[in-house]
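Below sits a lone chain in structure tokens, taken as the form predicted on its own.
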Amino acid sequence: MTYCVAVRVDQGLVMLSDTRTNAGMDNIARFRKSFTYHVPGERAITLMCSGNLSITQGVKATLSKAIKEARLDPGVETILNCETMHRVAQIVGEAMRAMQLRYRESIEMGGSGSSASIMIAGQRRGGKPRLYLIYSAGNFIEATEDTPFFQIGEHKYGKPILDRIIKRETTLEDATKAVLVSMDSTLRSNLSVGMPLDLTVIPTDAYDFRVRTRIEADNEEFAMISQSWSAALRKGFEDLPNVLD
């Protein structure tokens, strides 16, 4: 299992993922689930993956192969040269569908699930920041003003803080704190999600990454956020009115 969360607000995009892959209680490994793509001054894109690892790695390999081929043949369409972020989502969806058609039957015959999801967040020059969620079939949806965030993987523990905090006018700083609290809540409640974390922040109209970093288990800032949030919850609970006489 995994947990990835992405937020789109007026000031930009915030993405956070864990790195734990769980194939059973005694088979836990670390794999990066967040990948960034950048054309300086033109576009910045982050992909985050959840679900069957072989499927999502196959999708990423397909995207990387096209990018490599485009260096020799500019006519090859890739997520780094296509015209819109919507087309980026289509390209990723097409790669997802191809992987599913090729491997789903054999994977499921072996007793495993082939389901996978990919979130795409980014902006290209001339367009607005966009956030998409790609499903196993290759179809996708886009985040809207009414639904400004997406989650994939083990999402239920980290959703309440997002529901209460994230609005289109939320600042980029507050959106970042919210996704970190969301992840902390998930880490505390589910052993299948684990450190380290990968955090990416793309400000609106920057076409670049303000933050692109890995948060290790000994990160002091994340520990402070976790401790401060726990203390605030305890204080809030103690201040609640009694309901029993």
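None of these values were measured; they are calculated from a predicted model. In case it trips you up, residue 1 is the first one in the sequence shown, and so on.
Beyond what is shown, the protein has a form predicted in complex with another copy of the chain; the following relates to that form.
- Residues of just one listed stretch (70 to 78, 154 to 162, 107 to 115, 132 to 140) have heavy atoms within 4.5 Å of another copy of the chain in the predicted complex: 154 to 162.
- Contact check for Leu180: a non-hydrogen atom falls within 4.5 Å of another copy of the chain in the predicted complex.
- Put simply, Glu83 is far from another copy of the chain in the predicted complex: not one heavy atom of it is within 4.5 Å.
- Of the heavy atoms in Val211, some are within 4.5 Å of another copy of the chain in the predicted complex.
- In the predicted complex, another copy of the chain lies within 4.5 Å of some heavy atom of Thr176.
- Contacts between 217 to 242 and another copy of the chain, taken as any heavy atom within 4.5 Å in the predicted complex, involve Glu221, Met224, Ile225, Ser228, Trp229, Ser230, Ala232, Leu233, Arg234, Gly236, Phe237, Glu238, Leu240, Pro241, Asn242.
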